[in-house]
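Presented as structure tokens, the chain that follows is alone, the form predicted on its own.
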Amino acid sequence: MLEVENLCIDLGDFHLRDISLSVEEGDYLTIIGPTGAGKSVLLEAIAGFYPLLSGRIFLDSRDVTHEPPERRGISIVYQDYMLFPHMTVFDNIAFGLRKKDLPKEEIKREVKYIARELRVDHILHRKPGTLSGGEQQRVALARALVIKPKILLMDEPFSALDDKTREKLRSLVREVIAEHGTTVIHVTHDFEDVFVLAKHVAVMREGRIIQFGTPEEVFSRPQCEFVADFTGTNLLRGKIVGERNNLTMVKVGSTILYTVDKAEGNVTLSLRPEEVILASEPSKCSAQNVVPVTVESMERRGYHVWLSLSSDDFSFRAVVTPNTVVLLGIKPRRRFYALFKASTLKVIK
């Protein structure tokens, strides 16, 4: 569906460098990275808003590098909706169809259909200024989808919404996108968007894509320390010292850990914080790794509590629910056992 080859852009104080990207039809790609990484610039370059210093962009094997945005068959949705305030919801959604000079009855039929799918058919007569944030974003999505774009680009579409509205809109987008088979590229800072919606994810830093893969690949097997730190993955360094029960033994300091991955010599391991279970006792369970730890600090983030833990040999982070904190009596300086399966400890290099 989309091929980006060695794309470079010079904006004076910012550059995109050697961006190559392939997105298949029906894919849902999320782009993540720190502020200023170039995520939005890349999105708008694909849309045709910036001249390229070098590189090419193909849509359906057609070179669109020098084509204007309106001829590319691409729709874009921004976080601030960008609706026309003087138009009704109906007219906002119908705007792109009218630019195509379609018959009035066809326009009416298409607008009502997409409005019904995005659950805004009851507010077609209203103006954007009378709508909630969630309603405005659904109207913006309807306007983008009604023209049946080859690719839908979304730049932080849920960031201005409250948690409850964001959750509902994610589910609705997933449902509508699946129904239409739309190809999507979605810039986000929210990892929930990645886990709920994405088939693939690209990590950007300083104008470059530094890792691309499935969410599982990127979050569980980061290819560099930056990606690990940005995605919140723990990194541990150790040495392979043998095998036991078909598991690889890794010595981290004086602690022996187990992984299902095969490797030799010195290795770097990754461990997702959500894969760590905390327990008061080293209970028997399917977790092959049981490490005595001390809680160093706690931080409440939304519906989760992040814990900084330290063993005799290394430090790492875990994430638990507030209910777990209450049940276990988790407090700083208290001792617990950290349990995690061998399958969750990944050798990344």
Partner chain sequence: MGRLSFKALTIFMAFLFTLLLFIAIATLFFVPSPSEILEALKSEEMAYSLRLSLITASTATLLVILVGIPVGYALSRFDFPGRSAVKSILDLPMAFPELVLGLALLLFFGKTYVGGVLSDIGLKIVFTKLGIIVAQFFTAFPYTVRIIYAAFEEVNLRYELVARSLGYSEFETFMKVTLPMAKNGLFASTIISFARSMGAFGAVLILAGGSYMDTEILPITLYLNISYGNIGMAISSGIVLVIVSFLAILLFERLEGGGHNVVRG
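Residue numbers count along the first chain shown, from 1. Everything numeric here is computed off the predicted structure, so don't read it as measured data.
What comes next is about the form predicted in complex with the partner chain, which is not displayed.
K.L.:
Is the partner chain close enough to 90, 126 and 138 in the predicted bound form that each of the three has a heavy atom within 4.5 Å of it?
P.N.:
No, none of the three is in contact.
K.L.:
If contact means any heavy atom within 4.5 Å, which of 229-237, 259-267, 192-200, 90-98 contacts the partner chain in the predicted bound form?
P.N.:
That would be stretch 90-98.
K.L.:
To verify the annotation, which of these, 244, 86, 164, 122, has a non-hydrogen atom within 4.5 Å of the partner chain in the predicted bound form?
P.N.:
Checking each option against the partner chain in the predicted bound form, the one that comes within 4.5 Å is 86.
K.L.:
I need to confirm a contact call. Of 292, 322, 69, 36, which residue comes within 4.5 Å of the partner chain in the predicted bound form, counting heavy atoms only?
P.N.:
The residue in contact is 69.
K.L.:
May I ask you to state whether residue 27 is within 4.5 Å of the partner chain in the predicted bound form, using heavy atom distances?
P.N.:
Residue 27 lies outside the contact set for the partner chain.
K.L.:
I'd like to check something about residue 218: if you look in the predicted bound form, is any of its heavy atoms closer than or equal to 4.5 Å to a heavy atom of the partner chain?
P.N.:
So residue 218 does not count as contacting the partner chain.
K.L.:
Is the gap between residue 75 and the partner chain in the predicted bound form 4.5 Å or less for some heavy atom pair?
P.N.:
Yes - in the predicted bound form, heavy atoms of residue 75 and the partner chain come within 4.5 Å of each other.
K.L.:
Should residue 155 be counted as a contact of the partner chain in the predicted bound form, where contact means heavy atoms within 4.5 Å?
P.N.:
Flag for residue 155 set to yes.
K.L.:
Taking the partner chain in the predicted bound form, which residues of 43-59 have any heavy atom within 4.5 Å of it?
P.N.:
44, 49 sit within 4.5 Å of the partner.
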